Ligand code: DGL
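Take a look at this single chain in structure tokens; it is the form predicted on its own.
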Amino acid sequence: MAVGIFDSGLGGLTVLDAVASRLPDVDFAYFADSAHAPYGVRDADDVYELTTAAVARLFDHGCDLVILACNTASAAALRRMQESWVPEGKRVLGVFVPLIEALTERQWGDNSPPREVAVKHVALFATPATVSSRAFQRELAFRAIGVDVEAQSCGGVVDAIEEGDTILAEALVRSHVDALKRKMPHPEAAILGCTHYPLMQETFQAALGPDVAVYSQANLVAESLADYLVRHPGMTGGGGPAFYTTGHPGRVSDRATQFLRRRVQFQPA
């Protein structure tokens, strides 16, 4: 069976590209809920219902393990899913924990008490739903103390990226960084808390300045998944790569091809 990769739209393709490169012998099934994107402006119950419906589709397609390559879904739905919804024999993982472990320099699976870390001032750029959930701060508190997190809700960036409007996306990023700096003038690190944002990483870095360490998720998730699969080898098997969408397959395929710079063919979910 394949490993499922889920996102509300196409941002999760940044994660798919990284994990497929890191794990070339693993097959992946990607599900884009394009008909309901973006999730970042929806309330938590709505995100939960949409996420569980999409993950159930991936289970139906033979995926025993699904990565929520969507920070909004990871923030608003993952814990609730893991506590009361995920069927026996299935696993659903998010994208926050690998990022936080990299930021706090903790090894995967380190469950020791929270401790002080080198970075004290962290900027978080994320969708409105992720910011309002405070999921990043909650997960960080399990691993670190004394870290000041200033969150900036980045409205409009995902829409601009999905529409292929790079000029608007870059302008919005610069505006949101300016707004963040008015609240936290000197961040030491910045978290790109949306899988779309790595496509704008150079713009974020330029606006923040060279002294700010910018963390995005794709490669970190790939390393964590590789470690997870070593410990759970039965979670993968044979099967071919596949792409599914709730949107218009032709339009989504064209946009995904622009994202990955290789032809991608989506089929109806």
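Everything quoted here is computed from the prediction, not taken from an experiment. Sequential numbering from 1, following the sequence displayed.
The same protein also has a form predicted in complex with this ligand, omitted here; what follows describes it.
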Exercise for review: Specify the contacting stretch among 115-123, 145-153, 69-77, 82-90, defined as having any heavy atom within 4.5 Å of this ligand in the predicted complex.
Suggested key: 69-77
Practice item. Tell me, yes or no, whether residue 194 is in contact with this ligand in the predicted complex, where a contact means a heavy atom of each within 4.5 Å. Key: yes
Practice item. Mark residue 39 yes when one of its heavy atoms lies within 4.5 Å of a heavy atom of this ligand in the predicted complex, and no otherwise. Key: yes
Point to revise | Partner proximity in the predicted complex: residue 158 to this ligand, non-hydrogen atom cutoff 4.5 Å | key: yes
